[in-house]
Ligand code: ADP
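First comes one chain, alone, set out as structure tokens in the form predicted alone.
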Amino acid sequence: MNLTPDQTPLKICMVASEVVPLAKTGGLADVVGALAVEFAKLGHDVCAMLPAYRQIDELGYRMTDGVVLSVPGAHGSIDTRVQEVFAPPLHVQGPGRLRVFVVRHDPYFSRSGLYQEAGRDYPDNLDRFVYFCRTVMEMLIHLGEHEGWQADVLHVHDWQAALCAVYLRTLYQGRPSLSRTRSVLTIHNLGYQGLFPSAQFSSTGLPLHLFTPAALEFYGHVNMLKGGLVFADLLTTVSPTYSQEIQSPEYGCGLEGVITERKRVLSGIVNGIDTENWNPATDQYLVASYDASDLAGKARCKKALQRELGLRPLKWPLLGVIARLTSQKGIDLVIDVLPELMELDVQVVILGTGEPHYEQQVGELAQRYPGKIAVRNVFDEGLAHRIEAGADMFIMPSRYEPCGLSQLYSLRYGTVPIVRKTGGLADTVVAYTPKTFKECRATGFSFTDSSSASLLTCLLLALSVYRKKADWQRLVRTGMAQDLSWSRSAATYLQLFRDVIDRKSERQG
């Protein structure tokens, strides 16, 4: 949705703990990076802010000297450098502008990990991200006073940035440079809330009366995400179904009451994907290109993947799994059904790291079934692309999934997704039934119960359809025809931004 003649460009500040290609541990980085670019392409004036992690310096992107700000902290002010970084993937081909700023304080951010090391969270994570949020607020004031750049929307993501929404309504309320700014909090995964001991509340710099159940207190702990939920002018999640699920005890992670109270300002917007980076017709990671009109290249990608991973060069269906090896992703369900699947003519490839006992179990299965199961416990972007291209089906049996990106990549690459009907998986995969197939709407297979029996039943149905070549190709092509770009989702965000700017902020849904 490009700007109409009567619309002025919005000034949007996006705040997150990770942004591709600068820093990434998961889908949050992909979403923030792609969405920032899309907003700018649509004509808006965007800035994104994240910490200056060590890995950003190692990438070697050019940076400005930046500005030095005096940032208030629990133990006095800290002189902080904020630099603009020029990363070519974060580019704009359109009328808008995108700038990316990093917050430099090496004692906090020049570490080997973003949030943890050796599987353990950094003990000073509260101090680190309180400081990051305070710096964001000071930088916005600097931009307003020195450039006349006043943010219309402060778009913050997950718990690491949520305090910005709190500060906007408390410590920074009434500051001229922020007088017209409205805050929007996007929840990417409610399971991660930023919980810290009550004794650390003073580090936030907030008045003690906010450490109550009506604000940031959560069963005796400081809850960063809860603060954002209470104080943000608008709340969004990354799929409509997930926005409903998190209002229930099953998915609300203890915050369902807070969310339900604010449901009038809550929306669910399905993520898009970077359709330039994820495009089987141009993907540089693949041995052959293909599209929906000619799938011959996909068959070549499958053969190459089998060679790469030591799988037998057979025409059996190849099933892919790319995920964190955790119970949330349902990897235990996959492990449960693998022995029965191995009695059939199928192959399975699993890519991902996670809980040690799951890594051990999938490794043992690969040794037990050589040539039929391949496992790689690494993060390998290129291999992820080759699995999406070379597999016939993609298994994603998540117990909960706010949106999910892998099933979108699978649709794009003609790899039929097999998913549990939850969150964004329910919103993005149309389950195969005789009716949906006849109407050319089916794009995959889904099951409801979080059980290995339900997953196996769903897999057997998919395998039965796979044997009907014409039906399978129709299913593949229907999936590849879906609009998975960010354009529609970005337009929805922008309309919500304009709505919240135009009305008086609603404090309590």
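None of the values given here were measured: they were computed from a predicted structure. In case it trips you up, residue 1 is the first one in the sequence shown, and so on.
The same protein has a further form, the form predicted together with ligand ADP, not shown here; the description that follows concerns it.
Enquirer: Each of Asp392, Val430 and Thr478 near ligand ADP in the predicted bound form, meaning some heavy atom within 4.5 Å?
Expert: The answer is no: none of the three residues contacts the partner (heavy atom, 4.5 Å cut-off).
Enquirer: Report whether the minimum heavy atom distance between Tyr358 and ligand ADP in the predicted bound form is within 4.5 Å.
Expert: No, Tyr358 stays farther than 4.5 Å from ligand ADP in the predicted bound form.
Enquirer: Please run the contact check for Ala299 against ligand ADP in the predicted bound form: heavy atoms, 4.5 angstroms, yes or no?
Expert: Looking in the predicted bound form, residue contacts with ligand ADP do not include Ala299, since no heavy atom lies within 4.5 Å.
Enquirer: Does at least one non-hydrogen atom of Arg128 fall within 4.5 angstroms of ligand ADP in the predicted bound form?
Expert: Output for Arg128 is no: heavy atoms all beyond 4.5 Å of ligand ADP.
Enquirer: Test of understanding: in the predicted bound form, would Gly352 fall inside 4.5 Å of ligand ADP by heavy atoms?
Expert: Although ligand ADP is absent here, Gly352 would touch it in the predicted bound form, with heavy atoms inside 4.5 Å.
Enquirer: If contact means any heavy atom within 4.5 Å, which of 225-233, 260-268, 380-388, 159-167 contacts ligand ADP in the predicted bound form?
Expert: Going through the listed ranges, the match is 380-388.
Enquirer: Go through Tyr108, Phe218, Tyr409, Tyr251 and name the one with a heavy atom inside 4.5 Å of ligand ADP in the predicted bound form.
Expert: Result of the distance check: Tyr409.
Enquirer: Among Leu98, Leu305, Leu405, Val136, which has any heavy atom within 4.5 Å of ligand ADP in the predicted bound form?
Expert: Exactly one listed residue reaches within 4.5 Å, namely Leu405.
Enquirer: Just to make sure I understand: among 466-492, which residues lie within 4.5 Å of ligand ADP in the predicted bound form, judging by heavy atoms?
Expert: Sequence-ordered list is empty.
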